[in-house]
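Taking the form predicted on its own, here's one chain by itself in structure tokens.
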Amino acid sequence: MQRKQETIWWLRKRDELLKVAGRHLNAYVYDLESIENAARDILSMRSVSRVLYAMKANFNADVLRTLARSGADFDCVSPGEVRHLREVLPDNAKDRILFTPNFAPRDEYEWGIKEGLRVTLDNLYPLKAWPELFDGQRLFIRIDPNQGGGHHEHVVTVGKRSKFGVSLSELDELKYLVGAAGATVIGIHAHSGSGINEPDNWAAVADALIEAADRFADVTVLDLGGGFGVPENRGDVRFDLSALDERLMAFKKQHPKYELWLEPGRYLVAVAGVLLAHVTQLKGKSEMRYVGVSTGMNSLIRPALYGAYHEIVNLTRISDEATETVTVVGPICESGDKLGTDRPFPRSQENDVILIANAGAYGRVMSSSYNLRDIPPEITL
């Protein structure tokens, strides 16, 4: 059965957060204990041999150190991510990194190979255009399993309208090109989307990858990607890792030669992070009520980019009854600068502390100085 989420950490640590807000107008705050707990849960799965954190979700140094200590490895999508990881974790072994660029220039693949990294290809083009790069290389191949979904079209990473992965219909050509280049395929990789809550999805992905894996005698790893949903509100059920583990164990019994890897990003860090801001102005406009806060889409672009939902609370008045329906907006000169629309909210005042939940993933890493607004600092608890 799925478990209800325990009392959310930012309610237990409210006093600490209010102190942080007393020192900073805006701030991202990460609870490292929550990250450790999420990592422990997923690393305890019996069916999974390795967990690689998708560091594009959050590259904060304390977050990376916490995950490394917990036993997670790392998925990096650019040389910049690899270099940053090495600066933070200079003793981290190369074999704990999977390098997965897509539509990158030739020199990035060449760099990854020279650095001795495991390199993933998700397109036939590199093998066609630069076969000499891959002579003697042991590669991962990203396949489009045509199985997946997501909470918004921009996070669905399968199907003909997604730029990612080699189509199953191209497997014959892939096998020929790999052989012609003198390469060896040792892993088959997929990522099916983000915000998926059905454990059966990853079992279906594994089944789809078998078709590709069976074409290559040296494949020992099926990397099923990430994309596990996270609770949006207090009291929401958590993603059922135990059910996923059961389904993947059943798969392993049928296909014992393969290791299964996972690549969670948002699952490990989203709930552990919040964005703190302050009420700046209040406004009524016909029947609409607006609560203005001190940061906006420059610090958290997910609502504008994905239509993403983030719980928003008045942390100062956490026990007050919600008596209004408001839209929470920031100071950015864009009509899309809405952090939350038509939310039940207590009557607020200037300087109240506002907390935006689930900001630990794709908050700071996607932030900008648009309108020359400052990017908030990152604080870890």
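Please read these numbers as outputs of a predicted model, since none were measured by experiment. Start at 1 with the first residue shown and count on from there.
One more form of this protein, predicted together with a small molecule, exists but is not displayed; see below.
*Asks:* Using heavy atoms only and a 4.5 Å cut-off, determine which of P231, G265, P199, G165 is in contact with the small molecule in the model of the complex.
*Replies:* By the 4.5 Å criterion, the partner-contacting residue is G265.
*Asks:* With the small molecule left out of view, choose which of K338, R343, R50, K56 has a non-hydrogen atom within 4.5 angstroms of it in the model of the complex.
*Replies:* That would be K56.
*Asks:* Looking at the partner-bound form in the model of the complex, is D144 within 4.5 Å of the small molecule by any heavy atom?
*Replies:* Answer no; every heavy atom of D144 is more than 4.5 Å from the small molecule in the model of the complex.
*Asks:* So, in the model of the complex, is W10 in contact with the small molecule at a 4.5 angstroms heavy atom limit?
*Replies:* Contact with the small molecule, no.
*Asks:* Find out whether any non-hydrogen atom of R302 is located within 4.5 angstroms of the small molecule in the model of the complex, and reply yes or no.
*Replies:* Contact with the small molecule, yes.
*Asks:* At 4.5 Å between heavy atoms, is S194 in contact with the small molecule in the model of the complex?
*Replies:* Result yes; S194 sits at the interface with the small molecule in the model of the complex.
*Asks:* Only one of 271-279, 86-94, 165-173, 186-194 has heavy atoms within 4.5 Å of the small molecule in the model of the complex; I'd like to know which.
*Replies:* Heavy-atom contact with the partner occurs in 186-194.
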